[in-house]
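Quick setup: one chain, the form predicted on its own, written in structure tokens, and binding and motion questions come after.
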Amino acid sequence: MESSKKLIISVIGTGYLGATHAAAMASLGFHVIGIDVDSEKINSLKEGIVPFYEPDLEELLQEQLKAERLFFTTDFSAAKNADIHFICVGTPQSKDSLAADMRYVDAAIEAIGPIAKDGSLIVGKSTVPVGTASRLANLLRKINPNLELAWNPEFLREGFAVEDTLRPNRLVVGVTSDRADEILKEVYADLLAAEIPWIRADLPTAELVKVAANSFLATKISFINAMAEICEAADGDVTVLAKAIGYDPRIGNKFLQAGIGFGGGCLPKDIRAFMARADELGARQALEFLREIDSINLRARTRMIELVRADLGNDLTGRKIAIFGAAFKPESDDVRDSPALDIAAQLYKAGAQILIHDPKATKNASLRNPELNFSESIEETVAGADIILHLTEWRQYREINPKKLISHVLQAKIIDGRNALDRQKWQEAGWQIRSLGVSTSIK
């Protein structure tokens, strides 16, 4: 089937961002070539199999492969006739510092630059330190002065990646010419027709938008977790506090759910890389507050362990602890910097017997922490447990019948690390339930 759009698009990097972007661009009618150096990943995508869990993505991928608008390869030369090249490779945290590791972005530019046809547009989507685009633009001019660079940051939420690509709440483009702006408007014409806001920026501002947004979200999450500590000390209830301040339109109620903090492959490493870049720019003090944000976030995990010790005693040797959740968030199998998995590992080191259940992340979690035990059954997970920890707010856990579950455990104790369970329902079923930010005197 011929593509209904004349532009040819290449997507370099077919991980979480790239695979989603490639399938979404094909669904808009473009001929799309996905490129990656990982042959195993490419072979999987060719078969219509997404090598990670993301709702609706596999179906979209298979539809576009069948329509022959989407093609995957390890051969960069396949993209030589593309009009636009999207750079979608990862920028993980460096092993020896807080800074982002830019080797994959640099490699992508160095690979596509020599073969890209004159006049084609290179568009970065990866999250990078501010100033990267300017540096890469200079590199491209040396490789081929007839290429142009733009930056179009991604704002994907794991679990909602397809929706966020095809129905984003804004489109931000960093460009240095009207021509680049018009080309990107052609790419996103269907989205603009749906009145998605279009924000044209310079390259540095476009680079800053993603990390600024993530820093604000991290601040909001850590703020409510700090309030949770105060509520526990003052016999308050952070869930009621959050509801009350959330009605203020200047604050809003999103990201005000106190718990064990944020994780994943973006938020933690992005704010750390932002701090590192501020240091390099001589603006360390401007982002000094992010160091405390990071500290509060990590402290929430420690507080969960303190609650376990408060219920079971300081010596956890031999105690069976059942854990609901391994992924850093629901609707994802991502366990990178997962608070749930970190807490489980710390309890294991303290001598506890750990058994974990997660609807999607068991495989990835077992690869990351092979010393931990996992189960596919909720009932098996909690059998003989001294306590249950609810650490990832999957819908399945909210729908558990606590009256039926109580017969499987040794002690009817549960700590809700996400403040997502119906506290009254669990109490009425005979459970002792604790929540972060809720005083034990509150029933």
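Quick caveat, the model's predicted, so the values are computed rather than measured. A residue's number is simply how far along the shown sequence it sits, counting from 1.
Just so it is clear, the following notes concern the form predicted in complex with a small molecule, a form of the same protein that is not shown.
Of Tyr348, Phe255, Phe76, Tyr188, which one comes within 4.5 Å of the small molecule in the predicted bound form, counting heavy atoms only?
When the small molecule is considered in the predicted bound form, the option within 4.5 Å is Phe255.
Can you pick out, from Ala365, Ile87, Cys266, Ala116, the residue that has a heavy atom within 4.5 Å of the small molecule in the predicted bound form?
None of the other options qualify; the answer is Cys266.
I need the one stretch from 353 to 361, 88 to 96, 324 to 332, 104 to 112 whose residues put non-hydrogen atoms within 4.5 angstroms of the small molecule in the predicted bound form.
Among the candidates, contact is made by 324 to 332.
Every residue in Ala226, Arg291 and Arg303 with a non-hydrogen atom within 4.5 Å of the small molecule in the predicted bound form?
No: no residue has a heavy atom within 4.5 Å of the partner.
Test of understanding: in the predicted bound form, would Ile221 fall inside 4.5 Å of the small molecule by heavy atoms?
Yes, Ile221 sits close enough to the small molecule in the predicted bound form that at least one of its heavy atoms falls within 4.5 Å.
Find out whether any non-hydrogen atom of Glu158 is located within 4.5 angstroms of the small molecule in the predicted bound form, and reply yes or no.
Contact with the small molecule, yes.
Would you check, heavy atoms only and a 4.5 Å threshold, whether Gly261 touches the small molecule in the predicted bound form?
Close contact exists here: in the predicted bound form, Gly261 approaches the small molecule to within 4.5 Å, heavy atoms only.
Check whether Asp342 has any heavy atom within 4.5 Å of a heavy atom of the small molecule in the predicted bound form, and answer yes or no.
Asp342: no contact with the small molecule in the predicted bound form.
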